[in-house]
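Heads up, the chain below is alone and in the form predicted on its own; it's given as structure tokens.
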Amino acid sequence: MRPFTIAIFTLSLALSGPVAGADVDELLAQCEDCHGSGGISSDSDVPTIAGQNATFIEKTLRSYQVWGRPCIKSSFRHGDTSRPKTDMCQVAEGLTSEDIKALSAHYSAQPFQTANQPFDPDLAARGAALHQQRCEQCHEQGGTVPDRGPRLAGQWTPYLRKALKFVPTGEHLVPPAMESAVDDLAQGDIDALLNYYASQQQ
């Protein structure tokens, strides 16, 4: 695994700032000021966290606590949008183990909602084949099952594209199998995969 550096992109769950041992309802409200009601994002650069695997959410938050994922300052999307920007590494450092477990359990129990976004049908067909060859082992049933990895099907693809961008640089720490798979993907392959995930809409 490559050494990682402090990066410049927020990849996942965003709260409003470090709140050690805060009330869970307060933390949930803060999450949704970026991720939307129920964890369903309306912004293409912010992931939907509803319906993701609890273990994945927990590992993601713990990774932010040790700067294992890129972080930049991000504006609030809901509520008081005039508040100062925050970032996930700042946020996660203020969460207790109990906070992390409570947030992970809550959002994993919420229904996922696919993003309404454009896609190219021809690229999506190519991406479906690539997914079966390269991604299905960890992102099962076409990326619809959040088990060994997060749900990809129906996730915002601008977010996914930026997430993938930081894997080859070592700034987004992932399992070795995913690191080697992403390193080997041409840009056209990534475009095809993202169109496939975008095509899976309710």
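Keep in mind it's a predicted model, so treat the numbers as computed, not measured. Residue indices: 1-based, along the sequence shown.
Note that the form predicted in complex with a small molecule isn't included here; everything after this is about it.
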query	finding
Residue 196, heavy atom within 4.5 angstroms of the small molecule in the model of the complex	no
Non-hydrogen atom contact residue 75 with the small molecule in the model of the complex at 4.5 angstroms	yes
Partner contact for residue 67 in the model of the complex: the small molecule, 4.5 angstroms, heavy atom	no
4.5 Å heavy atom contact, residue 31 and the small molecule in the model of the complex	yes
Residues 137, 160 and 185 all lining the small molecule in the model of the complex, heavy atom within 4.5 Å	yes
